[in-house]
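What follows is a single chain, given as structure tokens, in the form predicted alone.
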């Protein structure tokens, strides 16, 4: 493995920046490549066939960089790949293992329609520990309001409360089953006293446990390269907001978009 090879991540939009930020903080000497498929966001309402074609195309594009790892910084994509043999690092599996081996009796998952319909978290957790009760709630309104910087705080609170009211009173923790959701963590905690879990933390531990952590980049100028299939200005705006830096974003055209 080339020590200077990048770690690649992909998502349908800006949500995966939450994963990228935690990885970059944990492994500051690595090179990163992030692809946001903003031309086809959201992934959560796609059919299985559509999503399979999209993910296969993205992975093929990222593989040309000969990466150390490719991370599905997208729960919907991870849900699709859950029953398949894959070399990709899942956003779901590492945290599911942690939950299953913890003292949690009941957890709630907020996620996209596709992730919930496939019971991705419930299956992953109960496969290891069938005694953990997993409540899954589809939250289709959250991603649009998170990506809309002009959305008022009042509107965000109204929508968050809509899903908050569905959480079981006996739930021990709330898992953010979409990489967008950590962006509203502060608001969630103000509205309800509940422990929140960001799967990105478990992904960082997973990467650390792999050969990637023992094959650290020697590049004197580690980099973050951002790509998008559409709305370049949007990714630039969010990367500046969440990664706290000015990053150049390159527009790429995937075959299916030609």
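Numbering follows the first chain given and starts at 1. This one's a predicted model, so the numbers in the text were calculated from it and none came from an experiment.
One more form of this protein should be noted, the form predicted in complex with ligand DGL, which is absent from this view; the next part is about it.
Residue contact check for residue 178: one or more of its heavy atoms lie within 4.5 Å of ligand DGL in the model of the complex. The closest non-hydrogen atom of residue 143 lies within 4.5 Å of ligand DGL in the model of the complex. In the model of the complex, none of the heavy atoms of residue 67 sits within 4.5 Å of a heavy atom of ligand DGL. Mapping the unseen interface onto this chain, residue 41 counts among the residues with a heavy atom inside 4.5 Å of ligand DGL in the model of the complex. Remark: of stretches 43-51, 223-231, 23-31, 58-66, the one touching ligand DGL in the model of the complex is 43-51 (heavy atom within 4.5 Å).
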